[in-house]
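What follows is a single chain, given as structure tokens, in the form predicted alone.
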């Protein structure tokens, strides 16, 4: 029973922190400089790993899908399969998982270090709200940067798929890009952009939550970092399932 109580308590505290972070958007001060700095750290700092992840994911998709499509004589549809797989599913999820590993851990370790060195207590003593100063800028940054990084992952994934299709599978360039683009419609693109917004919010808030509840000195910082990465990754996959189901239910 203690595990159930603890789980309910954790969910309650996380929900309250998320609610406070969102409501801080409507209260001054805004801390615009901190938000822009976090956007730079999270967005620009994650660009290389996101581009590499998207590129090689698209390349692998092209190889695997072409190998399977050969049995049906439909290798020409490789571009369609790569684009749909990336934009609807793999692009948003893999981007979020990379952010959980890089950004979620960074946020948790940074805030955890501030907790154990009593910088958070000092901020409260000076009359500064740590949630507004530290959590809200990071929440805004992850929520806004995740869709943009997902677009980059999708783009370079398509480029990776095209390179493999052209050089390894000898597919015509125009055929690949025509099938890839024509297979997409407004609903697919919208789905591929809604998911990263939710995933970015999850990664940012989970990192902040575990960072602020750090206890036990430097060992506690490491423990909070690990918990943040694992929890954010699991929540991203779970949220992906429910978002996909909702989208499929709403689609005519």
Partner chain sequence: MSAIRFENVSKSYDGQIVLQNFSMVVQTAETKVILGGTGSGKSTVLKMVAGLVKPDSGQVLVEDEDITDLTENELQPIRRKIGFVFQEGALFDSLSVKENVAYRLRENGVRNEKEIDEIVREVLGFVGLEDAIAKMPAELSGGMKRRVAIARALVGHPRILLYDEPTAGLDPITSRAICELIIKLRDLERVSSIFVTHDLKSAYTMASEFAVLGPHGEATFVSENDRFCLINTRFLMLKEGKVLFEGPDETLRSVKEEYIQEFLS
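Positions refer to the first chain, counted from 1. All of these numbers come straight from a predicted model, not from anything done at the bench.
The same protein also has a form predicted together with its partner chain, omitted here; what follows describes it.
Interface membership of residue 124, defined by any non-hydrogen atom within 4.5 Å of its partner chain in the predicted complex, is confirmed. Using a 4.5 Å cutoff between non-hydrogen atoms, residue 133 counts as a contact of its partner chain in the predicted complex. Not displayed here, its partner chain is approached by residue 128 to within 4.5 Å at the level of heavy atoms in the predicted complex. None of the heavy atoms of residue 201 is located within 4.5 Å of its partner chain in the predicted complex. Per the 4.5 Å heavy atom criterion, its partner chain in the predicted complex is contacted by stretch 116-124, the sole one of 90-98, 116-124, 155-163, 168-176.
For the stretch 158-197, the set of residues having any non-hydrogen atom within 4.5 angstroms of its partner chain in the predicted complex is empty.
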